[in-house]
Each structure stands twice: as C-alpha cells, then as structure tokens.
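Next up: a single chain in structure tokens, the form predicted on its own.
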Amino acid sequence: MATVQVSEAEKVYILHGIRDDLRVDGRGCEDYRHMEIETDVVSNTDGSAKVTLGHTAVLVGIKADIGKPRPLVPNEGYLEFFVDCSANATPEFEGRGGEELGTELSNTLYKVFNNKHSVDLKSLCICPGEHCWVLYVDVLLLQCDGNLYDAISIAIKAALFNTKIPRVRISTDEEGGKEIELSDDPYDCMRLNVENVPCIVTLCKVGHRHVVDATLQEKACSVASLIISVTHKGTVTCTRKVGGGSLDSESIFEMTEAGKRVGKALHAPLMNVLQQEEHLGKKKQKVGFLG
C-alpha cells in the first residue's frame, strides 16, 4: 500500500482536527471526497467504468466469456478478479512492488462480490453443468491517494451496471448435440441486476475516533482499519481488519454501525448517477484522458 511520511507536528494537527470532527481538507469524519464516475469508457470490453475519488483513480473493465461451471455449483456462473497496480500510481508499485497488494485486493474482492448474495450468479448460467458466463473483472489502479477499496468497489458496481452480455440461444443439431449461438444485435443483450451489489466502506481508527475515506496522510496516523461491505439495505456482507494495530470491541461496534450508515447512504445517489448517465447515451460528455 502506498504510504507517506508524516512529521510528529503534522500527526498532532491531524489528530486534533479529527477529534473536533474537522479534517485537514474541511470534511467531517464520515464525509467522502469529491467523486467522479464515468461508464462505458473502454470500447473493447462488455462493461467498464472509471472512478476518481479525490486523487485516487481506478479503471475497471469487464469481459464476459463462456466457460464451464464449477462442480459444486453447476447452475451458476462466476467472477474472476485481477488487479494491476500501475507503477504510475505510486513509485512503490515499480517492479514487483504492486504484486502483493494486487493479490490482497483480488482476494478481498472475490470474497465481497463472488457470491449469490451480491450478484445473481444463476442468471449467468447458460446450460447447467455444461456452460456458463464467466465475468473477468480487470482493475487498474491509475493513481493512489488512499482509500483504494472504496474506489474499486464503486467502480466495479458501476462497471457491472454497464455490462451488456450477449443473448444466448441453444439449438440442437442432427446428432443431438447442443450448439450455442450468440446474438449479433448489440441491443439484444442481458443486463445484470446490481441492486444487491455491495459497496465497501473503509474506516480508519485515528486517535479515539474513526474516519471514512482517509487520505494517505490520515492513513499514516491510523493504527488500524476496518473494511466493511454494505448493501443498499445496510446489510453487512463482509468485514476485514487491516493494519498492525488492534481494535477493541467498542471501537469495532462503533465503526461497524458507522460503516452501515455511510454505506447505505452511498447506494441511492450512486444508482441515480448511473441511471442518469445511461439515459444520456452517446450524448454524455467524456472527461479526462479518456475523452
């Protein structure tokens, strides 16, 4: 994970500000930085999204391919995750520096998203036990300024919302074998229901309080963090503690309740933005280097 050096005087300044619910950039303890979301930004994918959270930028592309269902769940498709930590995001990712973080992020994303409670995996089944859709989710970290988990989860939900899977028709040949035909019509496609797809909220313990969407400077003052994935109903689907410090039971309870509150409030405006951009179609304005 990208880190920065913070002097003792800066730590005291940050700690005192958070204690009074006034962070260095003027936010409250449960406020996110300015966020920008773009969908359908990569042409050779079935779904894509770019999310900028403060100075953290994440690009997600999803490619649908036909594969074989897993033996234990023959009537479900599945997701595969790959996270690439670009050396341009931070010098610490140069060489093999980003591989360990990429693996850690991939494992967490797999636990959060690749289950029937988050995504309707049965809708990805084509022929039980024989064929299913496999969604390959590629995440590219373009710029790192803290709070990677939250930015990645929002980008994945936006990319899943944008994903268009070709309609499949199964026919039988003269010998009784099954043939799969994919529709060539770009409008004849299947869309995923992303209503239950959770968003990750990362809470960092700084002093005696906790903050949402911590910057690298605030992260340097934190003893430990709690990663919580929350659905639109406020249901917690996954929790994970990161960092070298410890958290007492009271802090965990307070951070979990705050994560549920913040996560639940995040879904409605996110879905509104995605639906508005969907209605714009080709009229929407492209910004950034992808414009």
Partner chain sequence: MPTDTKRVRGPEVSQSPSLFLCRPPVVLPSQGPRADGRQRDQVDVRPVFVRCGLVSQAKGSAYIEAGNTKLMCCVYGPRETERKDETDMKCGRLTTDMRFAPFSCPERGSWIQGSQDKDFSLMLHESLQPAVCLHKYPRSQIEVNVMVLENSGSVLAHAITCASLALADAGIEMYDLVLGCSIRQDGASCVVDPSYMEENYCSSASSENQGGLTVAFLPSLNQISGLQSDGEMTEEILTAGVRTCIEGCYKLYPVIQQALAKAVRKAAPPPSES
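Residue numbers count along the first chain shown, from 1. Computed from a predicted model, the values in this text were never measured in an experiment.
If you look for the form predicted together with the partner chain, you will not find it shown, but the lines that follow are about it.
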Partner-free chain; cross-checking the partner chain in the model of the complex, the single residue of 75, 107, 193, 183 with a heavy atom within 4.5 Å is 107
Is residue 36 part of the interface with the partner chain in the model of the complex - any heavy atom within 4.5 Å?
no
Check your understanding: Using heavy atoms and a 4.5 Å limit, would one call residue 222 a contact residue for the partner chain in the model of the complex?
Key -> no
Practice problem: Answer yes if any heavy atom of residue 244 is within 4.5 Å of a heavy atom of the partner chain in the model of the complex; otherwise answer no. | Solution: yes
* Asked: Would residue 114 sit within 4.5 Å of the partner chain in the model of the complex, counting heavy atoms only?
  -> yes
